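This document opens with one chain alone, in structure tokens, the form predicted on its own.
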């Protein structure tokens, strides 16, 4: 009886996939993964934002043909010299800077006590109501809010009707109403960071200040304000820069002497684009100077 030995079977070689998964390639190449992650935001930042600002700066040095009124590429500093030699342009720049600073200061004055009340005193339902009230201006369109303020402070508006009951009268359209309108528009950008910062302050700091005999305003000045500085800086960057670039508020609720930088840019955008581009550099310079000043205080490092 003979036994037959079975021949060993060889396993078929498995096919190696020709294409590796994208996730595997990205996992093995960290730099490729980082480049893919930053490609889209860098395209927007460099390709759209920075490139547009560069074109704006280049246009500020171009010329306008005095005969055809057409813009010609070239190089001249006359457009920037006009910003300093024209008294109307100088006064408009200073007026816009003052309005932006006033809006920022008024927003901070309103935001600090409101944030303390919301974070440390108000009940949960009152805190929710105030949060909705603060963010309510963000729910409507920009022009809707401007028109609402115009209706409120117009000659026959709500404010004059209430003030007339006690023999008073509203201030009328002008710089004060422009400041109030811009504060109404941009106040949420100051109030929310301040409220968040105050909510993170431990309650025992307020108790310790009271035990040491400090009154309410002393506690705010010595305890709250140093801890609020980063939040105030963060909010002020928004209120300051947004107010600098606004011009519709001055157009709808401002008087004849309340022009802002944006008003002159809008009026020159078709008549003299190089002058409009040169004037557009002014608010950018104001914001850069503001950031440099705040950086020297060390507040940006604590944000």
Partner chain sequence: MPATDTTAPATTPDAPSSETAGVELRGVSKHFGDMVAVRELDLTVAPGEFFSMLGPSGSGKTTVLRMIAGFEDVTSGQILLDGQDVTAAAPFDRTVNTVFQDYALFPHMTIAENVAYGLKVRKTPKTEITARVGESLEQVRLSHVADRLPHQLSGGQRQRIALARALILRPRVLLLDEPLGALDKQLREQMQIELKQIQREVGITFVFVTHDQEEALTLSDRIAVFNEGRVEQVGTPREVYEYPQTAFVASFLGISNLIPADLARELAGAEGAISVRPERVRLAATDASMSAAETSVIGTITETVYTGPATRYIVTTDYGLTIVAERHNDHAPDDTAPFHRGDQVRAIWYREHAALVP
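None of these values were measured; they are calculated from a predicted model. Residue numbers count along the first chain shown, from 1.
From this point on, the text means the form predicted together with the partner chain, which you will not see here.
Heavy atoms within 4.5 Å of the partner chain in the predicted bound form map, among the stretches 202 to 210, 121 to 129, 172 to 180, 93 to 101, onto 202 to 210 alone. Within this chain, residue 219 lines the site of the partner chain in the predicted bound form, having a heavy atom no more than 4.5 Å away. Using a 4.5 angstroms limit between non-hydrogen atoms, residue 87 is distant from the partner chain in the predicted bound form.
Not displayed here, the partner chain is kept clear of residue 135 by more than 4.5 Å at the level of heavy atoms in the predicted bound form. Using a 4.5 angstroms threshold between heavy atoms, residue 227 counts as touching the partner chain in the predicted bound form. Shown without its partner, this chain lists 215, 161, 76, 196 as candidates; in the predicted bound form, only 215 has a non-hydrogen atom within 4.5 angstroms of the partner chain.
This chain appears without its partner; in the predicted bound form, the one residue of 223, 147, 108, 71 with a heavy atom within 4.5 Å of the partner chain is 223.
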